[in-house]
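So this first bit is one chain, no partners, the form predicted alone, shown in structure tokens.
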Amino acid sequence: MSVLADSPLVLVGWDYRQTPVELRERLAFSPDKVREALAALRQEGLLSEGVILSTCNRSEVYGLTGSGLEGRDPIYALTEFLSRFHGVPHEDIESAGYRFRGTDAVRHLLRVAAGLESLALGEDQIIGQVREAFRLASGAGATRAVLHRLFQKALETGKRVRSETGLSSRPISIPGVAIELAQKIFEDLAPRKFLILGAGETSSIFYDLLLARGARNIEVVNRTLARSEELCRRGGKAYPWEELAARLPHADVVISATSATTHVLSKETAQKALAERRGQPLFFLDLGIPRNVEPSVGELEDAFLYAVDDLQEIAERNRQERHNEIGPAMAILEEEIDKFFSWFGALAVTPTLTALRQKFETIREAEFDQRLNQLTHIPEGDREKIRLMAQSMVRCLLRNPTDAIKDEPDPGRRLDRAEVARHLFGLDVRGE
């Protein structure tokens, strides 16, 4: 489908690909700022509907142009507004980011929801962020028929891509690969015992992944006990570093992610723990750089050791497989884009009024003319006069709804009224 150069659908955005982090930080929105900006955009008539998506990697404003533009270019008006709103020079905003209209704006949103525009291709977090942006805008009264339909379509498309392709099926982060390996070996992680060495960022990510997979038995050993206790606030037990050797035999999986510059887990310590386990395997995930676990631990019987290099190799293979799924994902996107614009195109004044008139004429012919033809005692000349009266009645019945749609000056409200008419009179026979 070709780009709609004069479409009322617009998008301005800045993301990690095209905009330095310093500028992205200045263009970011808190939830309160989202509500404030959407209210101002609608009050100034720049947008009749709007949604703002703001994450650590992007700030995007989606909208349907309003009646207050007074001939101004809507993209320029939006960037000028954001310059004022954030206190950022307009030339800085103009020289970065991207601007789309019509089909391109819709395609970009669907790509975002599908994870195709994410820093980590196919990541799942973004679909929740799109959902939250839509919820926030809806709660602020900033969405009506068009953006409601568009963002529902984006969320549906994101789910389709994830369920019908392998774009998100294989982890590409080191902690994600590590947890997948653990699940392959033990299948059900819930009853397994995990020992995390360290309480930094990587340990925190792995802790969250374990909770998400249903793990219940988590212990954390760290040189600063308070950090361990903070990490375990949602579950698990914290121990001081001196307890490492004592806790090791009780673990099924050991995750080491400390910032130490030398090995913190020796072959000797691991060997003693394995002896106490009496043949039960022990799975070591060494996420430290440099290595936390002495490499010779992997030589021990019943010990399975994976270091960052091993996990990185798996992650790279998974990343390539995700790239192979871009084609199937794009096929889904194009199908959903066509569905959206089939609906959106029907909202234009002329198609809606034509369909409404045809609906009434069809009813008149089916209900009125059929019965009139059965009244054979009425002369043909009189029946023709009655037909003309019925046609006049249809025109009279349609006059108010026709004027209400056609003469509405606000583009967004005009589309709302067209959507209501199509719904009330069943004009979309093949509804989605």
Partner chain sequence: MMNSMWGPTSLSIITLLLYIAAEGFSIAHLRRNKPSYGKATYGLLLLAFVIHWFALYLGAKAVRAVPYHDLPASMSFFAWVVILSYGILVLRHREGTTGPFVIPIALLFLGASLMANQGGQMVIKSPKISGPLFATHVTTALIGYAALSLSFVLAQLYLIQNKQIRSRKLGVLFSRLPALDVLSRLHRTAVIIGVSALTVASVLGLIWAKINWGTFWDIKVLFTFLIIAIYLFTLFPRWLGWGGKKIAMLSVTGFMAILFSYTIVNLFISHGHSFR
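The term rigid core refers to the maximal set of C-alpha atoms that superpose within 1.5 Å between the two forms. None of the values given here were measured: they were computed from a predicted structure. Residue numbers count along the first chain shown, from 1.
The same protein has a further form, the form predicted in complex with the partner chain, not shown here; the description that follows concerns it.
- For residue 300, a non-hydrogen atom is located within 4.5 Å of the partner chain in the predicted complex, even though that partner is not displayed.
- Residue contact check for residue 183: one or more of its heavy atoms lie within 4.5 Å of the partner chain in the predicted complex.
- In the predicted complex, the partner chain lies farther than 4.5 Å from every heavy atom of residue 125.
- In the predicted complex, the partner chain stays beyond 4.5 Å of every heavy atom belonging to residue 200.
- Listed stretches are 114-122, 312-320, 217-225, 84-92; the contact stretch with the partner chain in the predicted complex is 312-320, by a heavy atom cutoff of 4.5 Å.
- Looking at the partner chain in the predicted complex, residues 29, 44 and 138 place no heavy atom within 4.5 Å of it.
- Listed residues 187, 242, 268, 334 were compared with the partner chain in the predicted complex; 187 is the one with a heavy atom within 4.5 Å.
- With the partner removed from view, the residue among 98, 341, 76, 304 that has a non-hydrogen atom within 4.5 Å of the partner chain in the predicted complex turns out to be 304.
- Along 161-183, these residues reach a heavy atom to within 4.5 Å of the partner chain in the predicted complex: 163, 164, 165, 166, 170, 180, 181, 183.
- After superposition on the rigid core, displacement of the C-alpha of residue 186 between the shown form and the other one amounts to 2 Å or more.
- Remark: with the core as the superposition reference, the CA shift of residue 141 between the shown form and the other one stays below 2 Å.
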